[in-house]
Every structure is written in structure tokens, then in C-alpha cells.
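The chain below stands alone, shown as C-alpha cells; this is the form predicted alone.
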């Protein structure tokens, strides 16, 4: 089985430098890059117009950008070592509502993830710690710190059900923590090189992890068992994103290609090239009718929007 996706629109030169992150809400797509601006596109209009630019969001540029599932909260991590929290007002305009610094040196906070309801934020550090912050309190305090074996934390995710935190590290380690007990649940085997991306499935049953091995490993969250390997990329896998139903997994790679994987068949069902530079960010968008939509961005500074060829 194969799927075909058509290019709907490309926002050329959306950013002047590499786009490192995309984040979606029910009606918008947010993009962030090595420049200091966060851009917001309307995904309900056919030409995906730019509706807001947040200038000087991070003075040295943005390397991670995430949104809550309901789309009301966003968080960005900058190269200067801070995390900013953003909220959308009733008029649809995003504004800064908080800053997490924690006396960090530049780069100490790296990857970030938000809980489904936007109440908690997890972040990784250069020495392998995973911190969790309570965004529901005005001071946004750190409420938990998970310890690992000290390898740089390159990626992090929070499960949609709120029970688990997962982190991927430079030494190839993948850890899953139980948020209810505050303890490590699994140290996952199978990947020996840097883990650059990981993501829980929408039902919180599977964890996908990938990086420099060019293989996407799928793990059963409850048992910690590795249940599948998805191979086909010719470069480092840089980003992963699950479709809302969990039927499809989208991957982006340093080989400039995006792949769509079927979880039922455990095979690649579509491949798309995005120029000839690294594809740092891939993101599924809310469906319109029966059609799946996704966006791609990377080293050429553009954002491309795709729609499934079949469907209404």
C-alpha cells in the first residue's frame, strides 16, 4: 500500500536561516529558526497566510518550539539558554506569559515538551538531567528532576495521558520515567548512536525513537520491549511526529526526505524530498475532511504544506 501527497503551498524564505522547529494548533502552524522570530501561519485558509510574527522571541535564535494539544499554550527554547511560555489570547494573538531560566548557562536547557493540557513542561540539559516545570503556578517552579547517566539530553517527550516522560541522549540511551511514581520505568536498548528525536503515540502505548543510526525504533511503553525497526532513511533521523489517530508516523531526515510510515504494516508508504538540505522539522496538521495534512521545514528556510491526494 502506498499513499500520495500533493504540495498545497510553499512559504518560500519563511525564515532567513534553517527552520529547526514546527508546532501545530487546531488552526495554526508555528515555525521557529536560527533567527530570532517565531512565525504563525493560518492553516484554515487555502494559501496558509502568515498571520503573526513574534519578533525577537529569542535574541540568539530558537532551536525548539512546542504546543499543547489544545493549542492554547506554546513554549520555545532559545540558544541563549532560556525557555519562554506563550499563550494565545481571544483575538488569536500570541504573547509571552512566562520565562524559565533556572540560572542556566547558554545551551543548558535544550529539548522541551509540553503536557497535553499545557500545565507542565519537561526540558533536557547538557548533563542528562530531565527537569519538569509547573506552568500552572505564576512562578512556574521546577517540581521534579530525573537523573540519568549524564549524557547530553537531545530530545524529550511527555505522553498524552500524562503518565510518562521519555528522553533520548547523545550516547544512544532512551529512558522512560513514570510520572506518577517519579521513578525510571525503562532504560531502553537497541540504539547505540545519538537519539535526536522521540515521540509517544497518541494513545501513549508506543514510543518511537530515532537518530544517527538512521533507524526508527518502536517500543512498547508498558513492557519496554522493542517491537519494530523502521529503516529507509539515508541520513540521520531528525524529527518524528504521529498522526492524530496513531495510524501514521512522519519522519524527517538529514537526507532531506520525509517519510510516512504505516503502523499497521510497519512499512514506508510515502516519501517526499524537501530541497537538498536537512529536514529538521515535520508536523501533521488537523485533518480537513478525510484528507491528512502535514508540513515540512528545514535548511532552506521554507515551509511546505502537503495534502493527501485521496479524500475530501
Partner chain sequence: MMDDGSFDDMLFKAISNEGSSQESLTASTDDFNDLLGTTGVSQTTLFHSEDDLFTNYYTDHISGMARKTETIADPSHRAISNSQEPSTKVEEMSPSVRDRNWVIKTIELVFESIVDALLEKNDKLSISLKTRSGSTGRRIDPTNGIVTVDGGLQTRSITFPGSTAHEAWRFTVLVRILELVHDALTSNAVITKRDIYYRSPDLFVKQAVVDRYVDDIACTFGISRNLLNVSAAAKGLMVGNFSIRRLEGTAIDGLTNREVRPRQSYIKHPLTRSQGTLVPNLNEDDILEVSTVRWIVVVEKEATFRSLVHSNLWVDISSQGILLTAKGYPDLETRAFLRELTTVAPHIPLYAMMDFDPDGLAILSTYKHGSYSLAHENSHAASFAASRPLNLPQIRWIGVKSCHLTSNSVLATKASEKAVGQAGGLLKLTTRDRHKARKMLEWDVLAEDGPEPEWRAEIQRMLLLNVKAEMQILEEHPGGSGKWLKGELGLL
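Positions refer to the first chain, counted from 1. Because the structure is predicted, anything quoted here is derived from the model rather than measured.
One more form of this protein should be noted, the form predicted in complex with its partner chain, which is absent from this view; the next part is about it.
Enquirer: Tell me, please, which stretch of 243 to 251, 66 to 74, 31 to 39, 46 to 54 lies within 4.5 angstroms of its partner chain in the predicted bound form when heavy atoms are compared?
Expert: Partner-contacting stretch among the options: 31 to 39.
Enquirer: Find the only residue in 114, 85, 238, 191 having a heavy atom within 4.5 Å of its partner chain in the predicted bound form.
Expert: By the 4.5 Å criterion, the partner-contacting residue is 238.
Enquirer: Could you check which residue among 134, 108, 96, 225 gets a heavy atom within 4.5 Å of its partner chain in the predicted bound form?
Expert: The residue from 134, 108, 96, 225 that makes the contact is 108.
Enquirer: Can any non-hydrogen atom of residue 138 be found within 4.5 angstroms of its partner chain in the predicted bound form?
Expert: Because no heavy atom of residue 138 falls inside 4.5 Å of its partner chain in the predicted bound form, the answer is no.
Enquirer: With a cut-off of 4.5 Å between heavy atoms, is residue 292 one of the residues that contacts its partner chain in the predicted bound form?
Expert: Outside the cut-off, so no.
Enquirer: Is residue 280 one of the residues lying within 4.5 Å of its partner chain in the predicted bound form, judged by heavy atom distances?
Expert: Result yes; residue 280 sits at the interface with its partner chain in the predicted bound form.
Enquirer: For residue 80, is any heavy atom within 4.5 Å of its partner chain in the predicted bound form, or not?
Expert: Residue 80: contacts its partner chain in the predicted bound form.
Enquirer: Within 4.5 Å of its partner chain in the predicted bound form - does that hold for a heavy atom of every one of 126, 170 and 255?
Expert: Per the other structure, all of 126, 170 and 255 touch its partner chain.
Enquirer: Only counting heavy atoms and a 4.5 Å limit, does any residue of 1 to 35 reach its partner chain in the predicted bound form, and if so which ones?
Expert: Stretch hits, in order: 17, 18, 20, 34, 35.
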